[in-house]
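In structure tokens, the next block holds one chain alone, the form predicted on its own.
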């Protein structure tokens, strides 16, 4: 049966999303219906779709509430092709904006709100540029090769996991970054079991200014394609460049993506080093759409 949804369109530095509220977890869409919402020609158009649901009313939410009973809301995130994803750094900031704008939750001044995701609980607070999210502990993974469409040689990459998998490639110049053909998914060798987002990065000149690292990035997201921004990819790129730069590299970074600028900060906690992401979140329009279903 067709399903009629009140939806909101939002974005974080051009990484755009369709959001809809389903507090009781009663709306069941299949992968094809999620993909139809995200379709830029026949649907609303977005890099991903976010269902706003209470953790208690979604199967994945039981583990979330065990981790943090305060995580009332769960970000059920889908890629543009309808596939499930663990996390989205831009999406979770837009999720927080949606919660506040719709009156479903409030972030107290100087406080945080806990949100459930498939990679665990994430804490969000307001920041000077919009919202800041603690992405949690990160993990260095294996090296590998990445080949892009039309590329003559495979480039070395490093694996970074920030709740979802990434492969980061350093390039020599902005011209090389500009000329990349990301109309097709890069080929990864070895191929990660769950696939990976792939970030291509060029340091600024100078790379460090006033104690802050500066890089420029493009990204190809699994299940989506090239996007104007990828929040977790921005964090992964900064972590990779800091790793390559050595122990004197800073813990604060500015990352320029086609859709704008995002901030990354690495900081120590009792359970290991965490990484946070800060940047804007915008809600641009709302409406109603009917999603076709099986007859």
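Note that this is a predicted model, so its numbers are computed, not measured. Positions refer to the first chain, counted from 1.
FYI, the form predicted together with another copy of the chain isn't displayed, but the following is about it.
Of the candidate stretches 79-87, 154-162, 123-131, 178-186, only 178-186 has residues with heavy atoms within 4.5 Å of another copy of the chain in the model of the complex. Another copy of the chain in the model of the complex is approached by residue 14, whose closest heavy atom lies within 4.5 angstroms of it. Using a 4.5 angstroms threshold between heavy atoms, residue 4 stays clear of another copy of the chain in the model of the complex. At a distance threshold of 4.5 angstroms between non-hydrogen atoms, residue 287 is in contact with another copy of the chain in the model of the complex. In the model of the complex, residue 40 approaches another copy of the chain with a heavy atom inside 4.5 Å. 259 is the sole member of 250, 263, 259, 61 with a non-hydrogen atom lying within 4.5 angstroms of another copy of the chain in the model of the complex. When you look in the model of the complex, the only residue of 149, 209, 174, 137 with a non-hydrogen atom within 4.5 Å of another copy of the chain is 149.
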